[in-house]
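Below are two forms of the same protein chain, given as structure tokens: structure 1, then structure 2.
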Structure 1
């Protein structure tokens, strides 16, 4: 008999693996990853194009193109598309990432044949209406005006520009005049050059029947034309870090960002830094949280972020603190970095972080749509499908000595850019 008064024993999470993922090739050469999981009659189709910032010929062209595809095609207006999607209970979006521009369709399996032709038509001949582009420009100019009044936004813009450089795809910032300079021809050129079959990978997850796979092959092979793979030429990033202070006298709280360039997921130290970053500031029980929020009470939130892009990466720490606490907050951040360099992490803390991260990895395998996210990241980053297993194994087995060595290599104050906005 099951005794419900007694909690089940706690067990350590063992090795984690992605399920076997079949890969099909459409008639036009696009790879289609099939994540056949789940019990509900619903499917998610995602198309990922290497059409982000590194491949632009004009600033903001990638974001504007992704945002305007949904505004209609040669045969359907934006209103007609939205009406049809709502009628069949479908969802269609075009999220923009730093390196990629994606199209995501959620649909009940029984209505997939109604939704897919609409997506295909948009990818075959997007209209890019001039009035919608002008509305997009005005909306973003207004949003930018609001954002630039926030210290944390200004600090983030400044730290990324410093780390990568103002001309770098990962470093340049938008301004009202950057949006105003966008033309419909810029969007059409970006779309025509990059939204092609050599530059796309597709992912179908959920309950997908053989008939749906045939439908995808037929529709997308017709809609997405052939072309050349994307190539990027990125300028060298600045090498000598410095500290920048932007004064805003009318604010009572300052935004702090401290960071440095690192590397992408291909680097041999990425997995170790994934763990080290978590210990420093990557979860609620982190060192920075325990010291600066809980003990000192200087801030409500402080975090450390490890950001990996296709061609590069960075790590940065962010927080907001009262003006009178800024200097000591900075000192405490560097103090926590120095402790990680000088003292080995004890087994109890390391075990807690391992368990936290392994629990997060478990959620990544919970359901077809989460698995699809993992598969998409690995495919677009040109990583082997065994990468997820390798990453989780490194988390399970990394030692305190390895983490201390990584801290000594990557958490040196002289390598950090520092931005304070407000005080």
Structure 2
């Protein structure tokens, strides 16, 4: 008779390593990481430039530049670019990132040669047409209006502005006027100064033939010009935490954000905080989920997030809770932080978190595009490729004592900024 009360034995995941990733140097000096993996005939090329907010000379220049590159180049109009990319089933995007500006091209391997020359032309000489910029500004102002009607967006904007300061690259917010102030010259300046070969790393993943690698060298070496590495100066961030309440009486839920500044991935406590954050609110079985959703039913979702940027970092807890539950939700969040300071996590919970995270790490190594993400983060953050392995080692070996002392150092209520938007 089958004993359904007894769990099948579980195998723990052993040490994990990133596979060896060959690095090539293009003729113009750009490093190209080659993540040759997978079973499907598909490829992803990602170019990451250190050209995000910390390097701006005008607010939103990074976002606008990234958003406008595909609006035309020396040889192609925006529409020709779009037609060609769509015709070959390729996708090209320039997603907004805090520190970097990236070009991401997904393509069937067989069509890669049709898409790459277009991307190269855009990076060689983007046109930044004035009318496209004006249309971009109007669209974004309109979208901003919609975003600002959402409590969670307002709460996120508020807490990041409080933590880093309104003039800081990681803290400032966009307003209709910020968009309106953008000029074509700002984009050209941002592009010219930062989209250069000393400021760029390339990543090819999936199935890439030797011919494709040659083609990348050929076209990107010519397209991306030499220049200087980016430098940033950031104003000091505020020291004293604040609590802010923004009242919107016509909403049925309030958005809550509680957080503090932390550090980037180079900090010795980063790996430990990675684990502690997971325990607090980083997965379904976390303390916050167990208490505030699964025990009390105050919210559909609550999480805590470790956000590491290039020069700094923060952690914040976020949730949307029914108006009537807001006060107790706040109390419970602080209660869970205090518990982590006062009591050591027991062995069972700790091994659950370990195993869960190790499963996550295994997923990060599953497939070329996942591996490419890991490699890109490490390369752009100037971390050694062994970083992945040391992070997983820390997860496997961290002790309850270490976690408690991290909680005592970093989860103090008096260090937390608090934002409530709603009731």
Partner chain sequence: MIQFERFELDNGLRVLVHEDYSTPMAAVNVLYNVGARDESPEKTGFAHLFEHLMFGGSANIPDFDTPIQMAGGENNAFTNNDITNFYDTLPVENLETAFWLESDRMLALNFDEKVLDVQRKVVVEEFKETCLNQPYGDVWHYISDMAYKVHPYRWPTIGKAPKHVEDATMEDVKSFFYHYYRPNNAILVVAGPVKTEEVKRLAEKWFGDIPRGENVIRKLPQEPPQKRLEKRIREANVPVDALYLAFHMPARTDPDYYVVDLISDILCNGNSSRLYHRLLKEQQLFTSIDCYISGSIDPGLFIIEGKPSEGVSLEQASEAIWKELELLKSEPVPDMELQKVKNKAESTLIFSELSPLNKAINLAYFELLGDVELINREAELYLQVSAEDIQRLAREILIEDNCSELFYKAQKGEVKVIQQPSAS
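Numbering follows the first chain given and starts at 1. What you are looking at is a predicted structure, and each value in this text was computed from that prediction instead of being measured. In this text, the rigid core denotes the largest set of C-alpha atoms whose superposition between the two forms falls within 1.5 Å.
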{"item": "Number of the structure representing the form predicted on its own", "value": "1"}
{"item": "After fitting the core, residue 109 CA displacement of 2 Å or more between structures 1 and 2", "value": "yes"}
{"item": "Residue shift check between structures 1 and 2, rigid core fit, residue 39 Cα at least 2 Å", "value": "yes"}
{"item": "Rigid core fit between structures 1 and 2: Cα deviation of residue 10 in angstrom", "value": "2.7"}
